[in-house]
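First comes one chain, alone, set out as structure tokens in the form predicted on its own.
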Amino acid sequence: MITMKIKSTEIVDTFAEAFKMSGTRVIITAATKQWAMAAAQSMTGFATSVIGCKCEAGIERELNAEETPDMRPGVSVLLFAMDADGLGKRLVERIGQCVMTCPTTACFNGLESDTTAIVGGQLRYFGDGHQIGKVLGDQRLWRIPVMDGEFVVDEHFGIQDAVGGGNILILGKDQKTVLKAATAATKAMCEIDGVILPFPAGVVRSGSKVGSKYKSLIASSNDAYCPTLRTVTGKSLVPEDVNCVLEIVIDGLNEATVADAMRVGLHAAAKPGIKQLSAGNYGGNLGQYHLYLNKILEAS
């Protein structure tokens, strides 16, 4: 079998197993880009994994005033959950607690879809009867009185089928080397529209497997990729000269954007000292999407 390589880095013949999710795009605007970013960072906090956070969220990109509905600086945020109903609940919670509370902000739907969640239509009750509805084209907005003026929010937000859990694994000689490669990979991935990397700065060190020896846990440490357990478990996938493994998880609005992000991430991560690039899966038994590394790279 011919082993594919990028420079001196081996590409393991495997696949990332990703899952069907529901996704949405939220456009946050404010008087300045700093306030828009403050709201976006607050809204996307504690949203790394549906395992413990009920949703996965991240900042897609900053927006110029010419790209936003009210011609102010903005930030595009993507939010993912396991189903449309759960995603709608998270939208109401996070927009209400993290965007409406932030000075000067407004919040708009950024995704057209036949499936929608009522958001402004629920948050309007905070106005205690003083809220005002306004129809622009086919969209209704709500103007909710707040102490610095008004909070403007769309009544409905679009929801579509999406893909969560695309990933790559970076295996290298030491922590410093792998962190450098992971940083380069996340920088390249963030240039792809329609995807987010939900973990801190896009990188996760506590990769998980399904199940645990403790019945109360649905996930536990991915011991096959823990260098300190190489001689303990008997099923290690960590080569002898590898002492650090980091993972990058990708959520996207469709399979193609996730594959694009994986492709540029793999190329960016192939740096000196990186022994292998791989991906995490569950044997193909859980996820609806199988993203094979070799096929992704051959398509580039």
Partner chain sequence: MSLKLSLHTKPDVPLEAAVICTDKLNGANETAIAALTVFHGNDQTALGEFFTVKGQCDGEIHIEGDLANVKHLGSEMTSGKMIIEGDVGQHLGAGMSGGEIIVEGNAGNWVAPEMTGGRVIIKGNAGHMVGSAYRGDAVGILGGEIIIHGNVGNELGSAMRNGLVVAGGNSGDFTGVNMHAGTIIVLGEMGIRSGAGMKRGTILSMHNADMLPTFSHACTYHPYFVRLYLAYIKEQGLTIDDAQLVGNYQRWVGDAIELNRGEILLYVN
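Positions refer to the first chain, counted from 1. Treat the numbers as computed from the prediction; the structure is a model and nothing was measured.
A second form of this protein, the form predicted in complex with the partner chain, is not displayed here; the remarks below concern that form.
Contact here is defined as any heavy atom lying within 4.5 Å of the partner chain in the predicted complex, and by that definition each of Thr105, Phe108 and Val152 is a contact residue. The candidate stretches are 195-203, 97-105, 220-228, 182-190, and the one lying within 4.5 Å of the partner chain in the predicted complex by heavy atoms is 97-105. Not displayed here, the partner chain is approached by Asp70 to within 4.5 Å at the level of heavy atoms in the predicted complex.
Under a 4.5 angstroms non-hydrogen atom cutoff, the partner chain in the predicted complex has Lys134 among its neighbouring residues. In the predicted complex, the partner chain sits within 4.5 Å of a heavy atom of Arg143. Lys89 falls outside the set of residues with a heavy atom inside 4.5 Å of the partner chain in the predicted complex. Residues from 75-94 do not approach the partner chain in the predicted complex: none has a non-hydrogen atom within 4.5 Å of it.
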